[in-house]
Each structure stands twice: as structure tokens, then as C-alpha cells.
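Have a look below at one chain only, the form predicted on its own, in C-alpha cells format.
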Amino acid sequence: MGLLSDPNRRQALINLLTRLNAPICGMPVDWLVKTMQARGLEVFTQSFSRTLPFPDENTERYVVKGTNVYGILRAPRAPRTEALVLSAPCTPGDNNNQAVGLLLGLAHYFRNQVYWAKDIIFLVNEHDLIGMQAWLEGYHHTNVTGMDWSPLQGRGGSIQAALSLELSSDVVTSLDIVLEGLNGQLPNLDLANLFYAFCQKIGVLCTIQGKLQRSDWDSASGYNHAVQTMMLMVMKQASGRPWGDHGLFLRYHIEAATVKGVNSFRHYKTDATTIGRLLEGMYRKLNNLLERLHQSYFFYLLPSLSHFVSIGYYMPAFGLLAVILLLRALDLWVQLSAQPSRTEDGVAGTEQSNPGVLSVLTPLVISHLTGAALYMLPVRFQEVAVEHFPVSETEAVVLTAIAVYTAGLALPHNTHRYPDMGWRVLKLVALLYLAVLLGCTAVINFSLGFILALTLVPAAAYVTPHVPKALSAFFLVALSPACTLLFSVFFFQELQEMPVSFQDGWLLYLSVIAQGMLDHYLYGSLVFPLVALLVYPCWLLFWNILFWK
């Protein structure tokens, strides 16, 4: 392709990358504006600010202010109703300087081509996901997170697809594609297929989840490698967080992915020019689209880039777990519908045997009030906790959430109105509640729904007031949402081949809780409110059944 065949352009790109190799203290807005204007783009800026609900200790920030810079290459051969986006996050230091340099080199090359039928937007966003969220809200005239941002002065057409580029070195050994987006959304599978096809054509090593595809696919070790890769995707998707800037595009039905350059000190090396050829080929293919990507799957799991598991194969596994709840509920319904025992005078004691709706109203109301407290109190009471305890704001939020979660186990949930049949009515309601909840969750985010089903279904089917209390309580707590998250943290580290000690794992667990809350307040992730307002109260119903008197 032209970017590689022209030695002058290749040398210009190398010089630009070399210049950008110096560390950057803050985003060079003025320099980016002048550089994009010199390349013939329509350049605009957007300022934004966001006050976090509590400090993010991972990035050491509380009040975030920044500026996004973007340039638009207008399509010379079309009415400019559609657009493509190429973005590169600009962070302090030299973490992603090579991606910004490659983006500017591609902008200069694309400007001299006449075959573009769609606008191409070159975006350099500050503060990674927060800057991308501000730009997307401004572009689509929405404000779903309460962020302050200035209106965009320039817009292109309707965005059809987007790629986010992350390169920390001018020499990479492989390219990794990241697909998991906000709330477990995935782009159309054709976008991943396009990336894989061009990697194969150009001869670039490509990975997913950081793992290369094995040649011995049919061997036992090959199957084990594929399962590990697929389980990594399941764990990332279940988290509900965007694993790259592309994850926020999916909310607006824009097919997007993040391409990461990996330098793992292999003998095989790929320079920035080869990556530019890959991106040029992908954008030329996307430029020829007559409609949005929709022919392939939106629900899938990837054991490798050349194989996928469609929804028709993995959804029956979830269905087999959900049917256990329905069969158990049917069994309870039959028990409750059986003929009531007769009194001494031969008249059926209906009022004494059949419990009413009030028998389950008290535990239902208290359980959901506890869930509402778990959702609202940690952030609202952080200042009070900081004043009375020697902890930071982030620690106060996390520890308050754990305290509320633990306090819910001690509340008197049950009612003594119908001591014999009341728990059966409550369990029938809880089983149907859990079946509907898991079904709806699996439709939106299969991985999250499946993990919850693996832990909650055995507990829901087993628990009754007549089982041994101590052993059953330990079993139920071990399968609770909080312990499930704890086990998932250690399991994820094992899948990444980076095992941690229990102390480090516990600190990581607390960090994951804080990050989950931040993802909800900053980007609209649904995992935290789902667990706090629905999953946890539902689990409390089964806890109440176990200790029913």
C-alpha cells in the first residue's frame, strides 16, 4: 500500500515518531492544533471537567479537567453523511506518544488520497475514558453522566465505526485487539474478522487477551489454551467496565475496538509503518461500507481470533441452570396447591394452612431497603466516615459498602405469620425472582449472568429451614455476590498467569469494588446498581429462608 511504498512518507513518519518519543508533561494542545492544521484538517477543541464522586486512587485524581483535540478530514467523494473515527488517548509521560504520532502520520497520508467516501475524524483525547466520554456526549448532544463539557464546534457525519490506538513503543512484537465494552457490549464480529484478515495478509502477529493462537488447535494443550483465552473474555465482559476507549462507542451503536501494540521482547518485530499499513487497509475497507456492520454476530465468545462460539452454543448452558430454578419453583407450587389438612370436625383449615401475600412482604421490603442502602450510603456518607475514622475518601466508600453488606445479614427479615408454609411461599417468590433476574442479565451481559447463575442457582435450590444451619450458612456466604467477586479476582489473576498472595488479592479486591462504583458514576456501568439493588436483595431472601423460625 501507498504508505509503505513511498519512502519520503515513510521517513517523515519515522521522524515524527522520533520527535514524539520525548516525554510529554500534559497534553500539548496548541502543538496538536497547529500540526493537524498543517496537515489540512479542520481542527477543533473541546474542554471538559468532571468532579469524581470520590478520589480515584489508582490514577490519583479527583477533579479532572482537560481538552480534546480533533481534526476532520472531509470526504471528497460523498455528501459527508457518514464518518469513521481514529482516536489515540494522550496521557502524561510517554505512555502513548507513538500512537499520537502514528495518528498524525496517517492523517497526513489520508489527506492526499481522493477515494474517501466518509469523513475521517482524528481524535486525541485527554484523560483516557473521561475525555472520550465528554467527546461522545458532545458529538451526540447527550449528557448521561452529568459531565461539564463545551459544545463541539465541528461535526462529521453519523459515525459508522471507530478504532482506538494504544502504542507505548515504536517497535512492537504483536498487536492485541480489545473488544469488551461498557456493560459487556461487543462490536460486530466482522470488525474482529477484518482485523485478523489484515494481520494475516500483512504478516503481523495478532493476539486476543494477550495470547497468541496455537497451531496445535486439536491437542489437549491447544484446548486448554483456548479455554483460558475464552475465560479471560468472560471475566472481562462480566466486569461491565470498558476495557479501552472503544468501549464507550458501543453505547451509541458504533462498532469499535482498541488496537494495542505489545512489545514482549520476541524475535519478531513490527515497526510503526507496518501498523500504518494495517490501519490504512482497515479504513479503506470500512470506507467502502454501504451500511453498518450487521451481517455477523453481536453475541459471541472468542477462544481465538480464528474461532468463535456463537450464542446458539453457549446460551443452552445457561438455560440448563435456569431450568433448575423453574423446576424447584414448580415443586413448591405443587406443595402449596396440595389439599390442606382437615380439622377435627372435618372442615378444611384453609385460613390456617394457606399463607397470604403479607407472609413474604416483610422480608421482601427489608431486603430491598438494605440493597438501596448499599447503593446510596457509601458515597453519601464518605465525608462523615472520614471525619470520624482515619481513612481516605476511597477507603471510606469501600469500607462503608462492606459494612452495609454485612449488616444486612443480621437484620430480622422473616415474619412469623405462617411459620409452617410461609417460607415455601417466600422461596417460590425468590426462585421466580431469581430466574427472571438472571434471564434478563444474561440477555444483556451473558458472562455476568452465567457467573451469577453458577453461584446462586445451587444455593437457591438447596436452601431450606431444615438443613444444618452452620454448614449451610457457610455454603450460602461462600456463594454470595461479595465472595463471588473475591474468587473472581483471584481466578482472573490466575488466568493472566500473574497469581497474587491473599494480602495482595484482598487489596486488589477492594480496588475492584471502588473501580466498579466509579465506572457506574462516570460512565454508566450497570453492574454496581444491578448487584446492589437486585442481586443482593434476592440473595438475602434465601438467607432469610435458611434462618426462618
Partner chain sequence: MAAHRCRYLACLLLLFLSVILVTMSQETTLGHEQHATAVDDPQTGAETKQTAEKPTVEEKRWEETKVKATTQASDTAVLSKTQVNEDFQEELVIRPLHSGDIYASFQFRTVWETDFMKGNKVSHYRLFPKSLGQVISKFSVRELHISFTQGYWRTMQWGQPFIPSPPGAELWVWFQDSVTDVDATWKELTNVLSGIFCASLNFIDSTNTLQPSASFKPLGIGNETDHRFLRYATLPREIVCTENLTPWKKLLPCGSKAGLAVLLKSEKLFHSSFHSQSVHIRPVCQDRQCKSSSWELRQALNVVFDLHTSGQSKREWSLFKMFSRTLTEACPLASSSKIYIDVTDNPQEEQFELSPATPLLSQAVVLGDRRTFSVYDLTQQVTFGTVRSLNLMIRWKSSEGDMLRPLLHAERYVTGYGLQTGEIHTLMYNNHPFRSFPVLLLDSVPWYLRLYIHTLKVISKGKDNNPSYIHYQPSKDRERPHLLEMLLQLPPHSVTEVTVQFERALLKWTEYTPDPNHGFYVGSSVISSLVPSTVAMETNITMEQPLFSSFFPCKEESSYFARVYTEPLLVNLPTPDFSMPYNVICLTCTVVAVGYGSLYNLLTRSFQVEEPNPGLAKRIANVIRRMRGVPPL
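Residue numbers count along the first chain shown, from 1. Since this is a predicted model, take the numbers as computed values, not measurements.
The protein also exists as the form predicted together with the partner chain; that form is not presented, and the subsequent description refers to it.
Which of these residues, 81, 169, 193, 264, gets a heavy atom within 4.5 Å of the partner chain in the model of the complex? Selected residue: 81.
- Select from the listed residues 288, 392, 310, 113 the one whose heavy atoms reach within 4.5 Å of the partner chain in the model of the complex. That would be 113.
Quiz prompt | Candidate spot 77, 141 and 144, all three touching the partner chain in the model of the complex (heavy atom, 4.5 Å) | solution = Verified in the model of the complex; spot residues all in contact, yes.
Can you work out whether residue 37 and the partner chain are in contact in the model of the complex, taking contact to mean some heavy atom pair no more than 4.5 Å apart? Output for residue 37 is yes: heavy atoms within 4.5 Å of the partner chain.
*Should residue 519 be classed as touching the partner chain in the model of the complex when contacts are defined as heavy atoms within 4.5 Å?*
No, residue 519 is distant from the partner.
Report task. Consider residue 462 of the chain shown here, and say whether it contacts the partner chain in the model of the complex, taking contact as heavy atoms within 4.5 Å. Result -> Taking the distances in the model of the complex, the answer for residue 462 is no, it never comes within 4.5 Å of the partner chain.
Could you confirm whether residue 489 comes within 4.5 Å of the partner chain in the model of the complex, counting heavy atoms only? Result no; residue 489 lies far from the partner chain in the model of the complex.
Check your understanding: If we take heavy atoms and a 4.5 Å cut-off, which stretch out of 395-403, 158-166, 227-235, 316-324 is in contact with the partner chain in the model of the complex?
Key -> The contacting stretch here is 158-166.
(Q) With the partner left out here, which residues of 178-194 have a non-hydrogen atom within 4.5 Å of the partner chain in the model of the complex? (A) Contacting residues: none.
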